[in-house]
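Okay, so here's just one chain, in structure tokens, the form predicted on its own.
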């Protein structure tokens, strides 16, 4: 979908100015309310289109959909129908919402089919079987290498040859709005003679996007970069919370563990790959040339503006980061191709996060580790306070949107508050 201003779409639904959920977007999510059980909806402006009601009223007739497909507590079964079907559903809803289409606008069930977003509770959009976190921003990897290793050789020898990643913990991924307790763990500061156990003193956010797989593979099969997007349903915002002190002490030799697996937060609306098509862009030049299985023929980066805010408890939020998904060195096609290159099988609903998205300027660094440069440069908030890392009571809010030629497609936000560690 790549409409220009000349053939711009308009809708009969009142959509606030600068809304992320325009007629061009129409993301999928799972919601419930005091009156409604969990079900699948599509966001438009300040409303949610209840797909279950549309189905019951015959708006999806002749699509041969399984009975009750929209009355689910996850998107997995719907995604599993395949992109041909999910694209038809989304396009059908888009058609019903167009300004000159009276079928739903004037239908007796319109009142039941349109739910106010503020009256709905958003749930986890998918049941995540497996979760992988990549390390695909060259700016982030370089910054970390400068801080912890040789500044002259910040990148490890393998970094420009393959998308590095690790398998994370799916059970601790939580939806936006759910608070979590500060993690406890073992850490050893440089001035300590021996490690101690206690609440993390260096809790951090990581600004990421994550894609959700929409197609399964058999064990032993691989997915090429040319096929990769057929296996990607859509994206969510992803905050991969990190306890830097715990991580720093434990990560040698096997990598992230307790410093990462205590919580990750995601936005509730899944923005489809189709909605992001107008914002496709060329990624950074990859030198040296990648191996043949990682060559990506078409541009697979996306121009998505990303912002991070810190809100101390009871106070105003301060923007501390403005980055962009287009900076990613390794794109989604390369990530998926590498992930499956050894025959690792995919399942519908698997989640694969980008890794921290940092840009080339200091205000575009996607973590407190970088923004405060390992805690040596405090970040000043609008309240007058300073932060080196995230404190108890703080809420971290991440937002993302793409905008071009009058078309805006956004993710809403993912936010979580940090509660004190449990005693």
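Positions refer to the first chain, counted from 1. Since the model is a prediction, treat every value here as computed from it, not as a measurement.
Just so it is clear, the following notes concern the form predicted in complex with a further copy of the same chain, a form of the same protein that is not shown.
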Is there a non-hydrogen atom of residue 139 within 4.5 angstroms of a non-hydrogen atom of a further copy of the same chain in the model of the complex?
no
Can you check whether residue 86 is within 4.5 Å of a further copy of the same chain in the model of the complex, heavy atom basis?
no
Should residue 129 be counted as a contact of a further copy of the same chain in the model of the complex, where contact means heavy atoms within 4.5 Å?
yes
Residue-level contact is defined here as any heavy atom of the residue lying within 4.5 Å of a further copy of the same chain in the model of the complex; does residue 149 satisfy this criterion?
yes
Does every residue of 174, 186 and 221 put a non-hydrogen atom within 4.5 angstroms of a further copy of the same chain in the model of the complex?
yes
Stretch from 149-157, 110-118, 306-314, 95-103 whose residues place a heavy atom within 4.5 Å of a further copy of the same chain in the model of the complex
149-157
Taking a further copy of the same chain in the model of the complex as the reference, which of 79, 273, 294, 124 has a non-hydrogen atom within 4.5 Å?
294
Residues in 50-79 with any heavy atom within 4.5 Å of a further copy of the same chain in the model of the complex:
none
